[in-house]
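First, one chain by itself in structure tokens, the form predicted alone.
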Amino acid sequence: MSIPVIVLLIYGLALVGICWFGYRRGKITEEDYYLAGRGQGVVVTTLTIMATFFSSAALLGIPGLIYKDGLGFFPFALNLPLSGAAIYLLGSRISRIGRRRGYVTPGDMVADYYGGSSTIRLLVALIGFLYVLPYIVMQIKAGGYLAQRMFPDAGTLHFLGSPYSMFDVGISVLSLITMLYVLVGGMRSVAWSDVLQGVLLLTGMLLAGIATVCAMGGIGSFFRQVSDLPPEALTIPGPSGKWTPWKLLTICLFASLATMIQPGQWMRYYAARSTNTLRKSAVIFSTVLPFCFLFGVMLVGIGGRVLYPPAVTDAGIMPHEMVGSKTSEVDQVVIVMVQEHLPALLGPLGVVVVSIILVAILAASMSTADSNLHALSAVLTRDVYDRFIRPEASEKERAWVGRSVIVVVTLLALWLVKVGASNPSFKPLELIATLSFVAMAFSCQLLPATLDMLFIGKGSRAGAVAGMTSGIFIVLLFTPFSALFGESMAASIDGLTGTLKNLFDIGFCGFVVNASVMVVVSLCSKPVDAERAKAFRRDMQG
């Protein structure tokens, strides 16, 4: 049996054990299934937030962008300490009032503050869905890449008369395993598996960075070779010309905030044992994660550009033939770097280390997919089914509906990945990093209402509804999903949004429209009831 298979089996058995233990410890209640009884300590809270935050975008997509655009994309790392600050400032407030009032989903809190608005609850649920689906798609896609690279000599498999490539096998297996342990164990299994996956991904990042530096002859040689890169690879906006200072600034700021108020993270704030637990987690997050990211996979991306230089063509920036044959396959540079260089450096031990790093990438994908599947299950069950379809449903019925949501969304995401793999013109699914920015842009449309609710207190229910609606619409115009409306319509939309898209993050563009509309409408409409707002702030401040 090959070493990659053995490492995968050990990892799989560990997940099975965690899933079973979480199931045995769990209780048949909604709060336990979705929030693990609100009793998570510092270690579990920190690692589950890290693992949810660090997805295949961090271990494949971002290094792929650095490989493609050089040092011009390095300032993106600023989003990590900013995300830690968001946990400290936003998360601690969300945690405190969530515990006091028994909230489970983001919609519970936002709708309650704005007078129990059903429209706001549905909009928050929609934002959650639009964030989660692209994120799950890119995690599944990463599973296909890993299967291709871990088993390059495996031929096409046949099952029930149909052929399956290793990409197909990878996306199917990752989807199935993730779906099963979320179904069985709920938040407790998800969080405990995130502890294992968080340790793996932090270790994998550092090992990949060390391997890259060693492969290039040590630290001094690494920096000499990087300094010899073409000038455009060492400066902003990079060879593609995409990463202007304003675009990087708005991505760092608004992507940081967006990823910290998405449903999976929001529910982790509720699940923390106390506000103090969450603040400690924020400090650890802000120090450990930037270090591992900067001295880990970001070094891999720039080292890969030195060893396997991409080429600028009419079709875009194409990866080196060792990395891939399509523009989208720049995402595979981390896998190529560790597979090509670690065995030569470490001999037989190198194969084991390579397998651990590849499993770390798999863990990053699964830890984000499980968190988002679990959160979306809560959102659609509590905020849609329970409120509008069957308010009289028993807790047991809601639990089964939540599990059904997990199955349906997993199958939908798997189908979208298959469509993207078989249809090269389906651009929304081309790049992992692009999918992550699309997801964050949607999540960012919850930000104006969140800031108003937690800090400002001047908005109205009508203002929040109008703002979120307009923000979602703007993001839809800016994203690659405009291709779904046909080529002529997509061309017209791109003509309107192209300039702004090149200057700013799309989430920021939606945020500006969202916040502006919210302010104007709030000035012209009835504010939140003063007593309700006062009671909310009293509970939030403790």
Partner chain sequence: MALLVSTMQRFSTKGLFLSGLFLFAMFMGAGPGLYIAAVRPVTLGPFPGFYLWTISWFFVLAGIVVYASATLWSKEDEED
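These figures come from a predicted structure and were not determined experimentally. Positions refer to the first chain, counted from 1.
The same protein has a further form, the form predicted together with the partner chain, not shown here; the description that follows concerns it.
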Checklist outcome for this item: With a 4.5 Å heavy atom cut-off to the partner chain in the predicted bound form, the contacting stretch among 114-122, 341-349, 234-242, 140-148 is 234-242
Item to check | Interface membership of residue 290, the partner chain in the predicted bound form, 4.5 Å heavy atom rule | outcome: yes
Checklist entry - Wondering, does residue 385 line up within 4.5 Å of the partner chain in the predicted bound form on heavy atoms? => result no
Checklist entry - Do residue 127 and the partner chain come within 4.5 Å of each other in the predicted bound form, heavy atoms counted? => result no
Checklist entry - Using heavy atoms and a 4.5 Å limit, would one call residue 72 a contact residue for the partner chain in the predicted bound form? => result yes
Item to check | Candidate spot 219, 248 and 286, all three touching the partner chain in the predicted bound form (heavy atom, 4.5 Å) | outcome: yes
Checklist outcome for this item: The listed residue (472, 226, 195, 416) that reaches within 4.5 Å of the partner chain in the predicted bound form by any heavy atom is 226
Checklist entry - Between the options 336, 166, 252, 180, which residue brings a heavy atom to within 4.5 Å of the partner chain in the predicted bound form? => result 252
Checklist entry - Taking heavy atoms and a 4.5 Å limit, what residues of 522-541 are near the partner chain in the predicted bound form? => result 537, 541
